[in-house]
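Form predicted on its own, single chain, as structure tokens, below.
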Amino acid sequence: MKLVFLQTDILIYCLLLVIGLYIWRARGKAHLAAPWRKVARRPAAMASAMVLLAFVIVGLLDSVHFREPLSNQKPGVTEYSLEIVSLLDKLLTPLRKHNEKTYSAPLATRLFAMETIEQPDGRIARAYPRLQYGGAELGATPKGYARDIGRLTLKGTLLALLLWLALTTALSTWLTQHRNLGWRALWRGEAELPWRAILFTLGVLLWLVCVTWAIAPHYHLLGTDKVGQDVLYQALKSIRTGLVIGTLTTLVMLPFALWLGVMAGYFKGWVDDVIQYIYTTLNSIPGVLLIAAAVLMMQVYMDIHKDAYNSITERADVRLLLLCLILGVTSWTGLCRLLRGETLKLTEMEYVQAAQAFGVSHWKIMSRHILPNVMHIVLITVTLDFSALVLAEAVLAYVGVGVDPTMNSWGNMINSARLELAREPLVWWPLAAAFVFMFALVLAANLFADAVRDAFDPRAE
């Protein structure tokens, strides 16, 4: 295979490196590790962290892209397919390739709409055609459908139970050897970490994954869309898009908010007036209109320079990156205002005034005395804004200025499904799938953000 590094992939790898360096630094600093220990002691925070970790793993698997070699190779020359796939695509190959003709309901064996078909005896009749892949092992006349679904569900449940018991046993053994905690203390909640909440959440996630692994290759677990693509595959592929918008947009926003907010509060005077004028002007412009105008200009530029992109995937990735840049540039004003107010307070503290009296440069004062004391506000705001940015993608796709239509995203799923809500019978599963996945991610992010806010906010002591 030939590795392909999309622009958002490189930024994701850099983000992982920064997070790894922060964890390594925080382990050796008591004042950095203490708030995170408070977060780790809260059951709701650790349960939500497990859910977020599951989403992150899926997103990382979908961030390793490559081109596969063609089956018919010329001697001495290796040619690769033009299609860019990811590790997640390889794991979900049955879901990716098992496409039907059109809509089919979750776990169905026939199409959702009636069609005119020819019977074996030559007669023409109106009926629900058999799916090509949904329950294909049951034959043309699916018998034993309920028994087959039950068998696959039981298979996935037993596998999840075995994995959960193995992990629980390994954890209990490790805690007994290294923390002098037996399994009774583990289940009574006597350990420092809320292992009961962690293990319960892990059990639920394992059950969902194993049951999906057992059923999905044989049935369309969440049905198919208008063109017959598996809805579960689209929902899983949309995870990366949501995570990229929620994280990379934050990285774009931070430099503007951090330095402009600190400079406005530290220098005051005309510097403060200029920065206030800038973010007040930006806040006066309706956000959706500003984003829509920027996205439309970006789209015109990309349409003119089509030859600059080697594939549809790369073009969609560039649009995703530019959308993150636009969202970041238009969403930094709130954090900037908070940092300005906090910096105004910090500049009146004795240690800052002492540094100024000793002739310490402004750069050193801001970097050594101001920035470390406002990072709790930055961290709290970043975790709270993540959910808003994930939801913003759905709103932008609904009005037609979101990610590229060829890219899988929950916003595109909702935008495609909204027209089907008026038909009879109702096609509800694409919208429900996008809602459930988005709800799980946003809820987990909000619960974790609440714990981070309580742990890092000095006023919560």
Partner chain sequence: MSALLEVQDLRVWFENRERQTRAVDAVSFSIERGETFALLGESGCGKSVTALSLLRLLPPAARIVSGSVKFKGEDLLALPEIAMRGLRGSSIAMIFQEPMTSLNPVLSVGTQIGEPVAQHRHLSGKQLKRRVLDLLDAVGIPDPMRVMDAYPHQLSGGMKQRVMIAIALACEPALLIADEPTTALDVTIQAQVLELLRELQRKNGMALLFITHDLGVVAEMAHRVGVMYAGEIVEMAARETFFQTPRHPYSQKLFDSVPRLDKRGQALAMIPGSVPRLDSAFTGCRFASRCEFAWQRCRVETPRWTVLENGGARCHLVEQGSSVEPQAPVLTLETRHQAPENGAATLLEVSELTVHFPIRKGFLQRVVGAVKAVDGVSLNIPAGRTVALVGESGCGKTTVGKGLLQLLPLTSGSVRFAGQELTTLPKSQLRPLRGALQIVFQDPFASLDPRMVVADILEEGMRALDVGKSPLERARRIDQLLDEVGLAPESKYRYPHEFSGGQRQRIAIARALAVNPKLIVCDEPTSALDVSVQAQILNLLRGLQATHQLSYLFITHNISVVEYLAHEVAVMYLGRIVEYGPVEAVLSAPKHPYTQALLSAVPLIEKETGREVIRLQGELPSPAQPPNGCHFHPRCPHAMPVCAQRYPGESAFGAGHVARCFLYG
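The structure presented is a predicted model; accordingly, all values stated were derived computationally and were not measured. Residue numbers count along the first chain shown, from 1.
A second form of this protein, the form predicted together with the partner chain, is not displayed here; the remarks below concern that form.
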Do residue 354 and the partner chain come within 4.5 Å of each other in the predicted bound form, heavy atoms counted? yes
State yes or no: in the predicted bound form, is some non-hydrogen atom of residue 361 no more than 4.5 angstroms from a non-hydrogen atom of the partner chain? yes
Residue 372 near the partner chain in the predicted bound form, any heavy atom under 4.5 Å? yes
Please check if residue 350 has a heavy atom lying within 4.5 Å of any heavy atom of the partner chain in the predicted bound form. yes
Consider the chain as shown here, without its partner, and state which of 226, 188, 178, 368 has a heavy atom within 4.5 Å of the partner chain in the predicted bound form. 368
At 4.5 Å between heavy atoms, only one of the stretches 199 to 207, 83 to 91, 250 to 258, 342 to 350 reaches the partner chain in the predicted bound form; which one is it? 342 to 350
Mind listing which residues of 30 to 49 have a heavy atom within 4.5 Å of the partner chain in the predicted bound form? 30, 31, 41
